[in-house]
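Presented as structure tokens, the chain that follows is alone, the form predicted alone.
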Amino acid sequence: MTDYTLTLKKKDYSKYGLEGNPFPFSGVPDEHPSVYIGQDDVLEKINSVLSSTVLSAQSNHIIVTGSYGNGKSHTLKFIKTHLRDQFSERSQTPICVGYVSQPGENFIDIYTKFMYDLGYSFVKHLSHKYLGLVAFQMSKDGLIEEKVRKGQGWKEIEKGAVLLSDIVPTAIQKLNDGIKYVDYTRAFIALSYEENSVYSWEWLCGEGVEYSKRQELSLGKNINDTNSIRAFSALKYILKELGYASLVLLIDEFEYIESLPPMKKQKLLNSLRHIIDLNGEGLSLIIACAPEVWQNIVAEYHAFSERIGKEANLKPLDQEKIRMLLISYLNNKRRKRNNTFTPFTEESIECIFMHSQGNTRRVISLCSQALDFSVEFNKQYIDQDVLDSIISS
């Protein structure tokens, strides 16, 4: 048996004025990207779709196409990060946005991933907020004696000034009148009871909850693929009641559906078509897909593809955009930001462009390897010799 000892060796990037390697090692997009370069046309089209949904209240949808490595996942995660920062609950027009990494085989797969991306804390907060809103309305209508100011309903319940048991029956009736899905109503309201919160969350996410637990929560059936469409629409209704301007559903790696049997593929596309038809207001669907798969869908599934209003295509980067990309990434780790791409040289950028063909993932991967190589061999600059060594190794 050979002994093995892991030696942790920290690289020193300070000779380049850097605090670390700013380029992701594996070329996988950050969860919260801060850099977005060279795809202004794509961002403009997405902005147009989102803006029309918020301002006109009419639903609008877009497909983002691009070859592997040209930034589809990066684009969706960038949109998610910035929408959550700019249109949080504190903004005048809050937007709820959820990311689905892959569609899976059925709509319930999309729904479940969407719910988990929103997160337990966020959806529980929605439950608190809804009960607080009902408490405010009941106070205003004289149905309870306690005075509740707008936006302070849940705080009054938390400190015991308003009894939760006085609010819940009205909240259940009012919510179910809107969504007409009594199991969803009960599970959503039960999120606010600590003793039931976890099981309610599992049920709301489409996880199967055993019969005895469902009895405790007065729930009938679990959410299945068929009623997951109702569950999604119910959540959207709740968001609208709480003042959200729109709901944005981001679906990545849509080309996965090409691997499904024809019947499953048809069923999944029909489910998405139903979601679009049932939600004519306040919904934006942003789908990322390989262009060849999207062309097949356009050719064979008109009923779905014709409901997607726009297409934005991610293009390979040219040399100027590669320079801009390098500057943006380097500035993320620079002690002093500047507008140069040092330690990369002009000839190394030409080499990166030639070998990557402008593919964003390959550009980032080459830059990451070249920077580490230069640190290890104490190079003053990252020139063509460094790139040749990386590419030939």
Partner chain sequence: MLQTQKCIETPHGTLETPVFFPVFHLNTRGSGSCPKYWNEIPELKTMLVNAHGIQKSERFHRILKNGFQEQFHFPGIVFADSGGLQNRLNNLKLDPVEILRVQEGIGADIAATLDMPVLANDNISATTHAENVKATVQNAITALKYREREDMLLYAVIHGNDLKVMTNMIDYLKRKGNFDGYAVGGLIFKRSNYRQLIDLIINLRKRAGEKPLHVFGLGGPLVISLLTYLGVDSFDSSSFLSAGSQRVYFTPDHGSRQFREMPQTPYLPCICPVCSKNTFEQIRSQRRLIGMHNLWMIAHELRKLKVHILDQDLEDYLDNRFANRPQIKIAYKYAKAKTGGFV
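The structure presented is a predicted model; accordingly, all values stated were derived computationally and were not measured. Residue numbers count along the first chain shown, from 1.
Another form exists, predicted together with the partner chain; not displayed. Remarks below refer to it.
Asker: Between the partner chain and Glu146, Leu163 and Ile172, in the model of the complex, does every residue show a non-hydrogen atom at 4.5 Å or closer?
Answerer: Yes: each residue has a heavy atom within 4.5 Å of the partner.
Asker: Look at the stretches 210-218, 292-300, 97-105, 265-273 and give the one with heavy atoms within 4.5 Å of the partner chain in the model of the complex.
Answerer: Checking each option against the 4.5 Å cut-off leaves 210-218.
Asker: Within 4.5 Å, heavy atoms only, which of Trp201, Trp154, Phe114, Phe87 is in contact with the partner chain in the model of the complex?
Answerer: Selected option: Trp154.
Asker: Pick from Leu126, Val168, Leu133, Ile179: which has a non-hydrogen atom within 4.5 Å of the partner chain in the model of the complex?
Answerer: Contact check passes for Val168.
Asker: Would Glu158 sit within 4.5 Å of the partner chain in the model of the complex, counting heavy atoms only?
Answerer: It does: once the partner chain is placed as it appears in the model of the complex, Glu158 has a heavy atom within 4.5 Å of it.
Asker: Contact with the partner chain in the model of the complex for Tyr120, defined as at least one heavy atom pair within 4.5 Å: yes or no?
Answerer: Close contact is absent here: in the model of the complex, Tyr120 is far from the partner chain, nothing within 4.5 Å, heavy atoms only.
Asker: Is there a heavy atom of Ser246 no more than 4.5 Å from a heavy atom of the partner chain in the model of the complex?
Answerer: No, Ser246 sits far enough from the partner chain in the model of the complex that none of its heavy atoms falls within 4.5 Å.
Asker: I'd like to know if Arg186 sits close to the partner chain in the model of the complex, meaning any non-hydrogen atom pair within 4.5 angstroms.
Answerer: Contact with the partner chain, yes.
Asker: Using a 4.5 Å cut-off on heavy atoms, what residues in 174-194 are near the partner chain in the model of the complex?
Answerer: Stretch hits, in order: Arg186, Ser192, Tyr193, Glu194.
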